[in-house]
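Here we start with a single chain on its own, the form predicted on its own, put down as structure tokens.
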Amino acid sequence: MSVYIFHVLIMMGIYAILALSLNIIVGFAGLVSLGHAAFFGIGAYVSGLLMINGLGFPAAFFLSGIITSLLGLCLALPSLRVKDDYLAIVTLGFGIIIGLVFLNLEITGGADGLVGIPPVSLMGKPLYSKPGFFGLVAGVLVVMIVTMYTLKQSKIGRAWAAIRDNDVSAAFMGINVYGYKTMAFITSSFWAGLAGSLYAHYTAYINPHTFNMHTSIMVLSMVVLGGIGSITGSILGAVLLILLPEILRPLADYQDIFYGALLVAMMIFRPQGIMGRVKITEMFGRKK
């Protein structure tokens, strides 16, 4: 396989992890988030800065997830007092604020970005080969898939499903709605931080423009296209939306138009997504 093919596979794997992490919030818990790229960026910057300052990759990798999840908790505590459209606005504002922080802090490199991020190093040996890095990404993805299936079948997953379907009824059943929603944000941001870490060490360079609103919408589109709440669907959505730009490279000026047309067609002809069971209109058009 060529180096180019491995590059595309690696990007598919990273964005599959990111889409799955957003699916925890949107698909499992039934919340709306428009600032998920911020968690992706936090994980990337934290991991990059930690390794630049001498920390090994395994520690930087897990710390990026932990620190990102703590910031997810900080966002969840005040923002989950509201829901639906208001929650979408809060998460959108959070994403904009984090983008401005990346853009203006000296430690993040400002608008120039963070350069010279060390490569992944396992057992003291740098991992430069793309097949090797793809193996690492695939391993993290497999662990995440197993974790998500386990969560979905657990008491936590059943509580999320009840909240997604009707949070008022879930509260009457004795479910701690606020606590489980907060748990969804923490879990989701943890995995998004790990995806950011992998991205930073793969590209060796990151800048604030990578983690903007466009990325948040693209990741949300992956979840919607694949099917809200579907683990397989999120992976499929990530594969399609990473692969399509490569196929449509000769039509680069019209890619966004094609994406928009694809999503409109999906909402008309299959509103539950490719693999989903919950209709998009049920998730984002519920009665207040």
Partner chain sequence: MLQAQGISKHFMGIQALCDVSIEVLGGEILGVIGPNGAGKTTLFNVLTGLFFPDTGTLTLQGRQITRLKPHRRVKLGMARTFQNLEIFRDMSVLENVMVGGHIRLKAGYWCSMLSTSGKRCEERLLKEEAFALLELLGIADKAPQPAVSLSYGNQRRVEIARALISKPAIIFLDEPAAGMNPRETQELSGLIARLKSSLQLTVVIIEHDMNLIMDICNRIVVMTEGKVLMSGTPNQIRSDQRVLDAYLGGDIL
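Positions refer to the first chain, counted from 1. The shown structure was predicted, so the numbers you read here are calculated from the model rather than taken from an experiment.
Keep in mind that the form predicted together with the partner chain is missing from the display, and what follows is about it.
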{"item": "In the model of the complex, segment of 214-222, 158-166, 87-95, 199-207 with a heavy atom within 4.5 Å of the partner chain", "value": "158-166"}
{"item": "Contact check for 53, 57 and 108 against the partner chain in the model of the complex, heavy atom at 4.5 Å", "value": "no"}
{"item": "Interface membership of residue 104, the partner chain in the model of the complex, 4.5 Å heavy atom rule", "value": "no"}
{"item": "Interface membership of residue 79, the partner chain in the model of the complex, 4.5 Å heavy atom rule", "value": "no"}
{"item": "In the model of the complex, residue 142 touching the partner chain (heavy atom, 4.5 Å)", "value": "no"}
{"item": "The partner chain contact at residue 129 in the model of the complex, heavy atom, 4.5 Å", "value": "no"}
{"item": "Residue among 100, 115, 173, 74 with a heavy atom within 4.5 Å of the partner chain in the model of the complex", "value": "173"}
{"item": "Members of 185-209 lying within 4.5 angstroms of the partner chain, judged by heavy atom, in the model of the complex", "value": "187"}
